[in-house]
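What follows is a single chain, given as structure tokens, in the form predicted on its own.
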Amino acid sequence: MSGKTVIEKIFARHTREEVAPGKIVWIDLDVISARDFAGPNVVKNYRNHYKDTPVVDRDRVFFTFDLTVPPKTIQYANNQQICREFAHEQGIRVFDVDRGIGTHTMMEEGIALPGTIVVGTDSHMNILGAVNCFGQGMGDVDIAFGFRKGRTWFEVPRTKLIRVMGKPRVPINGKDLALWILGELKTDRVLGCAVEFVGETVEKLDLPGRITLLSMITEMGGIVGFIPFNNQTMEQILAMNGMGECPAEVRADPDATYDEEIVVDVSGIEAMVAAPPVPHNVCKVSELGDVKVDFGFIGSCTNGRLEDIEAAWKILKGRKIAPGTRLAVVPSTQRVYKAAMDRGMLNDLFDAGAIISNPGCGGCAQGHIGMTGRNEVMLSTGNRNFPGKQGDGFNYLTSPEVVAWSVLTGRLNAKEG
């Protein structure tokens, strides 16, 4: 009998059925969550089907408010209040508008742990693969069922092995690596599959770098991604969630069977950018020529960690962004916000001309922390650049470092001068 991949092992721990690619199995869920987007529909479906019966386990069910926080319209305010009232009735916890991005909060609170299964109404729940957790976004009907039953069905996905070869000739970060890989894979090579990344360049990523790469599995068309832990990964997870210990990492068996092995050579990588209108329209910054920049955004579940803010701060400290250029900085969580504030980063970024916002999804939620007008150009550290995503202009995806260098001159730029 052949060995198992990471996703097959995690599923096997949560079902009594045989686990094999393509097989539909019933899975026990460790955590069932809903955010302010789709949360009210979860409540509506729950009440329609289950009336006032209690949720499966009040310690396993959560709401997270992160998309539009604080609410920008009466409708959003009412939607959040619907969730609060339901949570009060059920005695379940709400991570409210002050806490930040739900997936990041779950990692910080030790709710998402290695080997667990966490579902929610966020299309980027698979970011939790960074801590070796299977995170999955689902619809409001499925989440309502999970609230009540604590389980759901999945088709066991095939797993593709991405072997990252070569060593970059220049310093890179997690976003450069994510964009390079996305440019190579596009949206069809790993469509509907789990992904395991191996290779020195990817395995040496720190936890924020892993979060960045694995947050973009959605844009690759994949279900979830995993990277084998290095010697520091578990220490970084424990430092993030403040726990004394965590469940051990789930690793693939040496003889695991993969649907396909794909080799990606990163030896030619440098500062990368995804030009509109789609995330996989990737090239090197140096290949784009002169691009005027009107607005920079540093934040999102992809690049809102303290290390991302610090990378921009090191470039912008003691300087001023170009006249007529705007910059918004949105920490991913309350904890990240406080750390950046305590270390003086936010003060220096403010002095440089940045707009500092409260924790949350920020610019990824249309209308919050500012949109571009027609024909304006935004450089964003987010994960999507579809038309209308962050305004009526043109959205380029890149790293915090490139955003910082670019807002200094008002031109797309990957380094000083």
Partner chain sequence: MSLHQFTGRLILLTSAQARLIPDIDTDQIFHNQHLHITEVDQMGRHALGNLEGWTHFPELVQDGDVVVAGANFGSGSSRQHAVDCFRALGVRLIIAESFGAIYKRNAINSGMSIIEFPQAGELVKTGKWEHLNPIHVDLDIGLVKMMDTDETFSIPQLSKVQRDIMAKGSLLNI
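Keep in mind it's a predicted model, so treat the numbers as computed, not measured. Positions refer to the first chain, counted from 1.
Below, we turn to the form predicted in complex with the partner chain, even though it does not appear here.
Q: Using heavy atoms only and a 4.5 Å cut-off, decide whether all three of W26, V141 and A144 touch the partner chain in the predicted bound form.
A: Yes, the whole candidate spot contacts the partner chain.
Q: Would D122 sit within 4.5 Å of the partner chain in the predicted bound form, counting heavy atoms only?
A: The answer is yes: D122 has a heavy atom within 4.5 Å of the partner chain.
Q: Looking in the predicted bound form, any heavy atom of T372 within 4.5 Å of the partner chain?
A: Contact with the partner chain, no.
Q: Does the partner chain get within 4.5 angstroms of any non-hydrogen atom of A194 in the predicted bound form?
A: The answer is no: A194 has no heavy atom within 4.5 Å of the partner chain.
Q: Determine whether any heavy atom of F229 comes within 4.5 Å of a heavy atom of the partner chain in the predicted bound form, and answer yes or no.
A: No, F229 sits far enough from the partner chain in the predicted bound form that none of its heavy atoms falls within 4.5 Å.
Q: Since exactly one of D265, E89, E155, D206 fits, which has a heavy atom within 4.5 Å of the partner chain in the predicted bound form?
A: Answer to the contact question: E155.
Q: Looking at I223, V293, L213, M272, which is the one with a non-hydrogen atom within 4.5 Å of the partner chain in the predicted bound form?
A: Checked against the cut-off, the match is I223.
Q: Hey, of 57-65, 386-394, 352-360, 373-381, which bit sits against the partner chain in the predicted bound form at 4.5 Å between non-hydrogen atoms?
A: Only one stretch passes the 4.5 Å heavy-atom test: 386-394.
Q: Within 4.5 Å of the partner chain in the predicted bound form, counting any non-hydrogen atom, which residues from 207-221 show up?
A: Heavy-atom contacts within 4.5 Å come from T218 alone.
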